[in-house]
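Given next, in structure tokens, is a single chain: the form predicted alone.
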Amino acid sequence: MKNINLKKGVDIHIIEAPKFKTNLLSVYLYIPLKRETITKAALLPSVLKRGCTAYPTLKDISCHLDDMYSASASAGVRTKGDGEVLFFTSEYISDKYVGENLTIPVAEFLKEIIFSPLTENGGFNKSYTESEKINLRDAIQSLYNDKKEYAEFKCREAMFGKNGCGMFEVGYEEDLDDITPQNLYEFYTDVLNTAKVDIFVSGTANEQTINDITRILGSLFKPRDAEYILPGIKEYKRDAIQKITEDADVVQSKLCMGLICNVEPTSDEYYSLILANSIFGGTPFSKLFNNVREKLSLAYYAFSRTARFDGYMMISSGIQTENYQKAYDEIMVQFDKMINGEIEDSEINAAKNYMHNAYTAMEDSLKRMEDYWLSQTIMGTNQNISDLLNGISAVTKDDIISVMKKVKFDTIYFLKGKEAANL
């Protein structure tokens, strides 16, 4: 990835990937993750992509995208540690395959979507704002109705409170009634003036392409004092593991275990952590899958994952209520095997091969590559995928044991469903 600083707080990044027949042009606006703004941040991209001055309706937008050889466009928000990015992106056929410069109209289109929204009475279009509030409310409720997602969220919230990753990334339903077209527009103007700006062009880009994007998009952002919130070690501070049980009118109970990793996310030790997680619960041949689910049939699913920016590991399982203690005990048995070094060389090799294939496959998707490099940018690192894979390949069994001994249980969250006898 090549990086060009356009002005203070505004950068352009070029990911050369000439094997693709398409290009990806994206604008990312990075802001701190705050409870008072998280719902507005989730709502804003939806309102902006509903229509703008040049293309006031979804039909107008769709027709214009069709005119650009069926280009696609999307907008939304992603959390990244203690920050979040509002993104606006378009994928289009690379100029060399259509015999004309598509980059200019695509950049002009994104410019219109971001900078020329439909406004009235000092705020956004009221109809679009209210409509998107309804859609966001439905999205929030649907996530609450997804009990697996809900249980993991409640476990994170218990771990971190309503800070950083402890928050519900799509916002909160109780905030929606207080959002107006006017105060949402005020938030929008603040984001444009203060957010850290990263413009990505991925695929095939020459000097003229970069100049066009800089002229059309980069020139519209003023210099700003904006910085990323760098990820760091989340300290383990509990005297004892907190255990929370919530009753629910569901058949399948959810057992979630939140752990603090105590690993610097940009250190070489991170390689050991992700490989250890792969062996423990991150693959279809992991200890959790093979034992908790397959061998003992104690769970419908059982896996673990790590969150690099947020410094935690989450163990998630779906179980019958009456199997809670057995499932809990077996998960702890498998965790103890990790820290006691009961790990076969075949497990390590299989995990390394699995991760090699997973990260190599990332290079087959422009969007996944761009998200990878966006994360690298926010972390202040510039590590390509080959470097990452080399780091993973160098991990030893002793490294795995050492890093797993640092991982500490923080919260046990049990969403307790009906027992079989009560069905």
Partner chain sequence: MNIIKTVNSELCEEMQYVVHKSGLKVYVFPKKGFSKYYAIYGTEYGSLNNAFTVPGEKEMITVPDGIAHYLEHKLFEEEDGSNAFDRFAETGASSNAFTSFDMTAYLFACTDKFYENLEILLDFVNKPYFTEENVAKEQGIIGQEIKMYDDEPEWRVFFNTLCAMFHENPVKIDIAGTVESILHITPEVLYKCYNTFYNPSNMALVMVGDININEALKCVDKYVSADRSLGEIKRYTPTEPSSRVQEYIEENLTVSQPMFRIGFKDNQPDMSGDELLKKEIATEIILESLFGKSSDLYLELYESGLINATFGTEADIQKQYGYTLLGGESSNPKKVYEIIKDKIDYYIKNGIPESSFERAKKVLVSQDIKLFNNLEAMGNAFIRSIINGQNPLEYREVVRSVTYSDVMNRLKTHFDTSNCVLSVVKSPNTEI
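Residue numbers count along the first chain shown, from 1. Because the structure is predicted, anything quoted here is derived from the model rather than measured. Here, rigid core means the biggest group of C-alpha atoms that superpose within 1.5 Å across both forms.
The same protein also exists as the form predicted together with the partner chain; that form is not shown, yet it is the one meant from here on.
Participant: Do all of Lys254, Tyr354 and Asp364 end up near the partner chain in the predicted bound form, with near meaning a heavy atom within 4.5 Å?
Facilitator: Each of the three qualifies.
Participant: Quick one: does Ser70 come within 4.5 Å of the partner chain in the predicted bound form, counting heavy atoms only?
Facilitator: Result yes; Ser70 sits at the interface with the partner chain in the predicted bound form.
Participant: Would Thr266 show up as a contact with the partner chain in the predicted bound form if we use heavy atoms at 4.5 Å?
Facilitator: No, Thr266 sits far enough from the partner chain in the predicted bound form that none of its heavy atoms falls within 4.5 Å.
Participant: Examine Asn262 and determine whether its closest non-hydrogen atom to the partner chain in the predicted bound form is within 4.5 angstroms.
Facilitator: Taking the distances in the predicted bound form, the answer for Asn262 is no, it never comes within 4.5 Å of the partner chain.
Participant: Would Lys147 sit within 4.5 Å of the partner chain in the predicted bound form, counting heavy atoms only?
Facilitator: Yes - in the predicted bound form, heavy atoms of Lys147 and the partner chain come within 4.5 Å of each other.
Participant: Can you pick out, from Phe309, Tyr188, Phe289, Phe88, the residue that has a heavy atom within 4.5 Å of the partner chain in the predicted bound form?
Facilitator: By the 4.5 Å heavy-atom cutoff, the listed residue in contact is Phe289.
Participant: Within 4.5 Å, heavy atoms only, which of Thr381, Ser62, Ser386, Thr396 is in contact with the partner chain in the predicted bound form?
Facilitator: The option sitting close enough to the partner is Ser62.
Participant: At 4.5 Å between heavy atoms, only one of the stretches 195-203, 216-224, 105-113, 70-78 reaches the partner chain in the predicted bound form; which one is it?
Facilitator: Among the listed stretches, the partner-contacting one is 70-78.
Participant: Considering only 110-134, what residues come within 4.5 Å of the partner chain in the predicted bound form, judged by heavy atoms?
Facilitator: Contacts from 110-134: Tyr128, Glu132.
Participant: If we fit on the core, is the Cα of Asp249 displaced 2 Å or more between the shown form and the other one?
Facilitator: Asp249 C-alpha, core-superposed: shift of 2 Å or more.
Participant: Align on the rigid core first; then say whether the Cα of Ala107 has moved by at least 2 Å between the shown form and the other one.
Facilitator: Superposed on the core, Ala107 moves its C-alpha less than 2 Å between the shown form and the other one.
Participant: Once the core is aligned, does Leu298 move its Cα by at least 2 Å between the shown form and the other one?
Facilitator: Yes, Leu298 moves 2 Å or more.
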